[in-house]
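Encoded as structure tokens, the following chain is the form predicted on its own, with no partner shown.
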């Protein structure tokens, strides 16, 4: 009973505590609920995105296979169309059997005709060459017979080709009988021009006639027709000599050409200021280094040789690879040459 009395006495306090605790727990519960909702939404979002990625991969694979199938099918159709068209074109235009057969028949007939014509031409040339050789030999024998005509037989003395111990005379004997003796022509002696007194008196020599200068042309009427004037013809005939290029040009042509070139260069100059190295004209101007001197590698000193190696300036550790062979002239650089042009 005492406990019941205590609880009844504390009922108002318990109600207040219950309300207070519920009021304190509600924000925390709401916070936990929001956190749980956020976690669930994030997890479900990850699940949905993963599923979408999976679907995307599957769709991509399906599309790839389907498009490849369509491409192969289209390619096969295209190849089949091209194959048939090319076969038709080759059979009709390039390797037409009947056309080639007719063409080869015409070619064989033409070859036979040309071969026959060439054989006839070769036989004709051979006959002409044989005929020319026979004529040449005949002329040679005739000339030889004319030279040996003194060996011909006479009635008292037989010749060397007409021996009495032979049944028939030698063919050269008959050739000597047909040939005429060879006679050497005497050179004509040129008679000297001699003017005798009788010729001069008879007026048969050219020296007997008086000589006079050429008379000037007579002023006469101009001939009818397309003829030029006599004075024009005489001017063309007796025109003076034209001087050559060497005579027509002056002696100081080179000097004049150099002066003309100097004037042209002066006209093309952009800056007319003369460079004065030992004056104070350029003292206030700022020095602008050239691209070669302003590079990061620095200028090349005069003491260094043209082909000296400086490993500190190398960009990489490897040497330059020679693609082409070196010039023979550069390999002989710095050597002495003799007067004949050979290396000492």
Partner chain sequence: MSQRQVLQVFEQYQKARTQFVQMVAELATRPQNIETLQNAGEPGARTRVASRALSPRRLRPAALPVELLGSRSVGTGVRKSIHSFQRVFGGQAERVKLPDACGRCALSLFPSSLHTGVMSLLRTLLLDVVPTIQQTAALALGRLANYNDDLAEAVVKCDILPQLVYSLAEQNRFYKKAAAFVLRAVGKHSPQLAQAIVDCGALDTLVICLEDFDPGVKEAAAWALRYIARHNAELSQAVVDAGAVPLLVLCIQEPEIALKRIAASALSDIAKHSPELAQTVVDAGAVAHLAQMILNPDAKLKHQILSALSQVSKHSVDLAEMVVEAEIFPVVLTCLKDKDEYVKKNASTLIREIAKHTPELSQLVVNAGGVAAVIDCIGSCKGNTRLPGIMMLGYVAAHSENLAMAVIISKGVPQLSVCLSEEPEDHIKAAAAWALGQIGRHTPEHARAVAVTNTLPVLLSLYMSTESSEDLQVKSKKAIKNILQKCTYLPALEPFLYDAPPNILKHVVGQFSKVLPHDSKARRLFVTSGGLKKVQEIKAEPGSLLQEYINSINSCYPEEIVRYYSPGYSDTLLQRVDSYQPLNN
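It should be emphasised that the depicted structure is a prediction, and the values quoted were computed from it without experimental measurement. Residue numbers count along the first chain shown, from 1.
The form predicted in complex with the partner chain exists for this protein as well; it is not shown, and the discussion that follows is about that form.
A single residue from the set 247, 261, 160, 100 has any heavy atom within 4.5 angstroms of the partner chain in the predicted complex; that residue is 100. A single residue from the set 77, 122, 256, 233 has any heavy atom within 4.5 angstroms of the partner chain in the predicted complex; that residue is 122. Exactly one of the stretches 166-174, 100-108, 138-146, 67-75 approaches the partner chain in the predicted complex with heavy atoms within 4.5 Å, and it is 100-108.
Contact check for 114, 118 and 126: all three have a heavy atom within 4.5 Å of the partner chain in the predicted complex.
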